[in-house]
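Considered here are two forms of the same protein chain, supplied as structure tokens in two stand-alone entries, structure 1 and structure 2.
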Structure 1
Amino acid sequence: MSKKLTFFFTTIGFLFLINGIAQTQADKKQIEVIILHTNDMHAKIDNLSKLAYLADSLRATHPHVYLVAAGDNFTGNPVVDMVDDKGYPMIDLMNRCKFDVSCIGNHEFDLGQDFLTKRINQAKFPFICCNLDATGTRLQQPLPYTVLYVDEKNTIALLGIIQLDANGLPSTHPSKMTGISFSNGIESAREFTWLKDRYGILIGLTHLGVEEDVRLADSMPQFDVIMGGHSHTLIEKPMFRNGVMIVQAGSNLKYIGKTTLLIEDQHVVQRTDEIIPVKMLTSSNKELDKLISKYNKNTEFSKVVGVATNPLDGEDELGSMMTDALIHELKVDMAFQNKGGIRVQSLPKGDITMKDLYKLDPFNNQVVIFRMNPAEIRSLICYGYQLEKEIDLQVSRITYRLTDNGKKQCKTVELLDNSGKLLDETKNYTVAMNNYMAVAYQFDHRDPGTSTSVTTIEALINYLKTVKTIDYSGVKRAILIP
């Protein structure tokens, strides 16, 4: 081969080599991905206009910005939860913020399967969950995961996981989840380790609580990041466990988490997270401000939900209505309401609006159910009596007669069923009360109790909407015998 030819081939080879190196360097270029994460927004819509502004500002300057929610978007604000089209304002606003994905949280089920399916269909982003099977139910089966296509080469898979209580169900009323089967979150997630191989980057978008997120990280180092919810934990500095970064941003949209990933050749080479307090954000999306204001001025609160044929005066009548509502909602044997939780003195004859009911019961208390025998029920009644130095607890499905020992303490308490017979001392009864009583009252109970995730106000509204007309005139179920 001539020297000229050798020179030619050497030069061509060199050019190919240079081109190859350049190509490899181009392939290995680093890409910055920003993921804004929220969790447990609980229908707190007021700050969504600030979130929208922040997300849009970042999108204007960064090509790869995503917005995700780690569940419990609903429940916690009557303008979202108690309107006829339950949950719609939240989905409408989340669509306008351009959310990319949400995990399903336990409180998503509070809407009921029909409303949740409607909301999922309206969402312009997927709801994901890998450990529920909705086959044969009214709920639309969610996808287990979704994929963010960063560019032609880099992809991020997000896997959704929901928490389960000791009973194997998420924390909401079991009636809301009829027919849906759930499997252990961590075990289910392990069936998706292949996502890491296929998509390069794997994020857990979980509604498990931070304790379970740590166990998940211990079990699955394939996750690059776990973005969590459920425990309302403010992780100010990201936690690292088994090589996995765990983040969470408090609750009620008081904070926004901002995770920044530096990606190179389908792998994360750097991960950081910061917490942005929403109160520090001064700009908001004006269009969303107007819409939020419209939702907050919801006229449904002035709508009539029932009619009182006579005024309801005093704690006996009001408390009887409130406890009847718990019986109606939860089908328990009896229900109690403490005096301190009855916040108005009376309701006038005539129309009762939702606003009236929120004034009567403003605490958003949840209902807890205990299995109790008559001796335990007496100890509950007596604690209330000693606390208030007078009859404290109003009741439904039973009546009681209390005698005082002269020291503002119980001497005797007779518990009578609706036919006037004494309760069976050997029997256990299901007893409903609000969560305040469940923890602040000191009474004997072998059963530690179970939250129903139903609120007392929700029960009250549903009761009045069902019975439509009420008359509690002269009702007195708790009697102090002098």
Structure 2
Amino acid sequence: MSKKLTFFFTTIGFLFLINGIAQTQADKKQIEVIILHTNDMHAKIDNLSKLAYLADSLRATHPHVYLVAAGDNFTGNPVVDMVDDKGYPMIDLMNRCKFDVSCIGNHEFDLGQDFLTKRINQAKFPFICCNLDATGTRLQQPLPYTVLYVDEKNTIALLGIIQLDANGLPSTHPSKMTGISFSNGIESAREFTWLKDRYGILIGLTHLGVEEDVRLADSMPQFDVIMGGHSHTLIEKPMFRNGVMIVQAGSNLKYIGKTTLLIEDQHVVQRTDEIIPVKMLTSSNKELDKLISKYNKNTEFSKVVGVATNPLDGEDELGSMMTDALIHELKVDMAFQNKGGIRVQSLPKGDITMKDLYKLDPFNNQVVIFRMNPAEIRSLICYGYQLEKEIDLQVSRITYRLTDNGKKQCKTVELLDNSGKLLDETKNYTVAMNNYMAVAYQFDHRDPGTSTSVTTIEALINYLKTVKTIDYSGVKRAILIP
């Protein structure tokens, strides 16, 4: 064969090869997927109309847009939590926003199993959780995962996981979870590694808290993204751990996370996340604005209960008011309030309404009274400190000073009465606390406790109606000594 012919056939072959590669690359079309993610909305409905507008605007210009929630949709707003059909306004609005999925958070159980089942059935999207077994209970068993079908080739699996406290239960009143069994979230998630092989793309939709999300990523590099909640963490730039992108968008719907995935042949080839402050969004869904206004119009919640002569800022001032209310109502020696039950960070100067109080204390917990000696009181304080890794319990009628042993545990706790004298170590004192603390906190107490018919919110309302004017500026009764 002549050199010219050899060159000709070689060139033709090369062109066919190039054309084949080009055709293969053309077949491997990259697809952009946008996932808007929220977490810990806590029934804050006012910004849902802006979320709906943002989601609809993206859907109008991008073919693959999804909206997900990482748990704790409820608890934190009386117009959602304290109405006869508890939780319905939130589900109604989430349906209208066209959510695609939510994982179950610990505060979903605050509604009780009957109301939660009703809300799950009304939702036009699935609630998912892989480490919960509701067999034989009044709660409808959630699916462990769900799948988003992007197109005929590309799918995204989302696996739901809920946090557990040291008692093996999510952070809510144990009575709300009677009969439900829970398993370790990370261990349960590992049973679903096959989702990655089957669907190509795997997202963790978790209510674990950012520290546990990091442990999850260390344990399961199969996740492409972990969209988290529970710790109320605003991750402004996504974290990367063990090849996994971890994101979270604060709380109370002040922010919306926007994850963008570039996928090709059932694999993520690029992933980014940005945080969108809701206050920067200037447009809203007008239909939802009207509906939200309707839900907010509840004359009972607008009633003025008392007046603050100065703003109440932080847990020291708010918790002091809440515990003073228990003293006023029950005439006990002292009262405690856990940090997790203080659901707002401040109350402004001026009128305090019923809505303000229900936002501050939305749980409707009954009060329990114990007879405790100082050693037992210290064990209660120290359990809270070890749980929160900082001062947890606010108090009335005494002050306490805590020193740390260097391991986020109590070294010493000094208990002082209002005159500054140490408590009598031989004496028993009557101690009031909410019934969540009574059953969920692990502390020494010989007395099993006596339940009262009084709830913490009733005590708070009655206290403010009686004293009428309050000023807690600068009050600090729980002190951590460096």
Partner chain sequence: MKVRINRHAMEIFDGATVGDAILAHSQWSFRKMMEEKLIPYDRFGNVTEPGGAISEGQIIFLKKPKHHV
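Quick caveat: nothing in here was measured; it's all calculated off a predicted structure. Reference numbering: structure 1, starting with residue 1. Heads up, when I say rigid core I mean the largest set of C-alphas that superpose within 1.5 Å between the two forms.
Both panels show the same chain in isolation, but it is structure 1 that comes from the form predicted together with the partner chain. Each C-alpha goes to whichever rigid part superposes it better, and by this rule Ile180 and Leu48 end up in one and the same part for the motion between structure 1 and structure 2.
The chain behaves as two rigid units between structure 1 and structure 2, and the smaller unit swings by 97° against the larger after C-alpha superposition. Taking the core as reference, the Cα of Val467 moves 23.9 angstrom between structure 1 and structure 2. Its Cα shifted by 5.7 Å, Glu376 is compared between structure 1 and structure 2 on a rigid core fit.
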